[in-house]
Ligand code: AMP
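Below you will find one chain, with nothing else, as structure tokens; this is the form predicted alone, and questions on how it binds or moves follow later.
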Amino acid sequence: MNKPAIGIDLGTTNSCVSIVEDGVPKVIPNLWGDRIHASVVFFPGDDQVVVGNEAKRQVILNPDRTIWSIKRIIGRKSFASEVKKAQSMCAYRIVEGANYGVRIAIDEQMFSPEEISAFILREMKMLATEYLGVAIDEAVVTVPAYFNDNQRQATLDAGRIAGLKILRMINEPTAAALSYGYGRNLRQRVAVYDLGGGTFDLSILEIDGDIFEVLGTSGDSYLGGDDFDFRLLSHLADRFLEDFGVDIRSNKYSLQKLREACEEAKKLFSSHDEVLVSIPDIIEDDMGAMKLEYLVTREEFNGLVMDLVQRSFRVCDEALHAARCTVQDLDGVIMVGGPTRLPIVREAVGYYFGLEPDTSLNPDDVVALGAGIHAAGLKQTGFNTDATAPHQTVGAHLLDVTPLSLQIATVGGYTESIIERNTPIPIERSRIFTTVRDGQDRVHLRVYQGESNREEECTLLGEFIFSGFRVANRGDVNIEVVFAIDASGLVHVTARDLESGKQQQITLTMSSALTESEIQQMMLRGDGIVPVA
């Protein structure tokens, strides 16, 4: 019997791990019965690490040593606006690494976002190993549908650092749809509205029995429940400044206390019309500890976040357009992610789609369950786990798309599309390139993802340098470059000399991705850091 593989929902706020037992997908709890686990990592010192719900309790006590929302900056460069925003909000130090990479500074050590994510993945792996009584080393891991190649590659590297072989990365909305329709023999066209802690995706899927086909997808990789928290935080901090002349945001400990209180208040608005936000020792002045206490109504909260909800519908418009359908063509709307419990979200979604959202699924674990179903299928005898093969699970076939167009730089700062967004994957496209000057011994190619025809408005994946071909007069050498996107959404570039048929040497530069040496070092360092229960 094959060793089982697990499904992991690696979330911005929380993570979850699942397994299929006796044909039934289930979430794996920890020893205390917790089914979801905070995506938080705390470093107490002396090569120790605490991960999960216990680590989250340190956000207020040790904010500079407690890392949260790492998913928002994984795979990004240090100059990205998302990283700058995180630097302004997080008490822990976010600094620039090599090649414009991002690093987290803890004492004298530097951790990459991939390494922080690896601690979370390692925790999920450990939970599954303890539950099943057998060492687990293979998983299907979910990612936001709108993640670009840099973010997907960084997630794959995080898996390697954690000692996990990631069989596939599956888009979160697709995983949710698989959990929703698996074994039900449905014939439906559904929208998956996936609002997580840090990202938002909307995917339109056609479910035809055991076939799950993505018709269109769109997303916003910096929109989620964290933004709802920050809106309430800013509102209360402004009120406190106006009432007492003290800016809470100037003190990182006070800021973390308020952020935690706002997150809890947001959750309470799912079932309460008003919430009292009370922090007895929010900050100290010359007279001693000051108290923050404000009663916030649901109507007031709704007013603070309504534009964020409306922003999600621009994404919905794009996904529907990509799927070539309208809301009238849909049979259902599946809600995924903790923030979808908020009445303002459910009511607005119902109004936009003209359908009562399906809330029968637990929005916290539906993605993990779908990943577990897919993992179980990939492990069955005769099923291909090669990422270049289409998604196939026992009893289910997944047909996904690439969320972003793949482009190459041309001249004058412009780009040319090679593979259009919402193209079914896996996919290959080839182009013929030639030398433009006599004696040329290499060809440079810059590859981007994005929808603009301008380089600066797209995400640079890397600069590829092809060499090793025959040196000749300009135009005499033709090189075929093959661009491929596999079933996990990862981009691959290969080249061959058409004259000789030989594969050409490829060098990738300008990337903030980890090197093989760095990954190996992080794997060794991870083994030496002791998890604290």
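Start at 1 and count along the sequence shown; that's the residue number. Bear in mind the structure is a predicted one, so any value in this text is a computation, not a measurement.
Same protein, other form: the form predicted in complex with this ligand, not shown, and the subject of what follows.
query: Which of these residues, 219, 159, 101, 225, gets a heavy atom within 4.5 Å of this ligand in the predicted bound form?
result: Filtering the options by heavy-atom distance leaves 225.
- prompt: Since exactly one of 188, 270, 459, 405 fits, which has a heavy atom within 4.5 Å of this ligand in the predicted bound form?
  reply: Flagged contact: 270.
- prompt: Where, among 107-115, 310-318, 133-141, 331-339, do residues come within 4.5 Å of this ligand in the predicted bound form by heavy atom distance?
  reply: That would be 331-339.
query: Does this ligand come within 4.5 Å of any heavy atom of residue 181 in the predicted bound form?
result: No, residue 181 is distant from the partner.
- request: Determine whether any heavy atom of residue 76 comes within 4.5 Å of a heavy atom of this ligand in the predicted bound form, and answer yes or no.
  value: Heavy-atom contact with this ligand at 4.5 Å: absent for residue 76.
- prompt: Applying a 4.5 Å heavy atom distance criterion, does residue 263 contact this ligand in the predicted bound form?
  reply: Yes, residue 263 lies within 4.5 Å of this ligand in the predicted bound form.
query: Taking heavy atoms only, is residue 197 within 4.5 angstroms of this ligand in the predicted bound form?
result: Contact with this ligand, yes.
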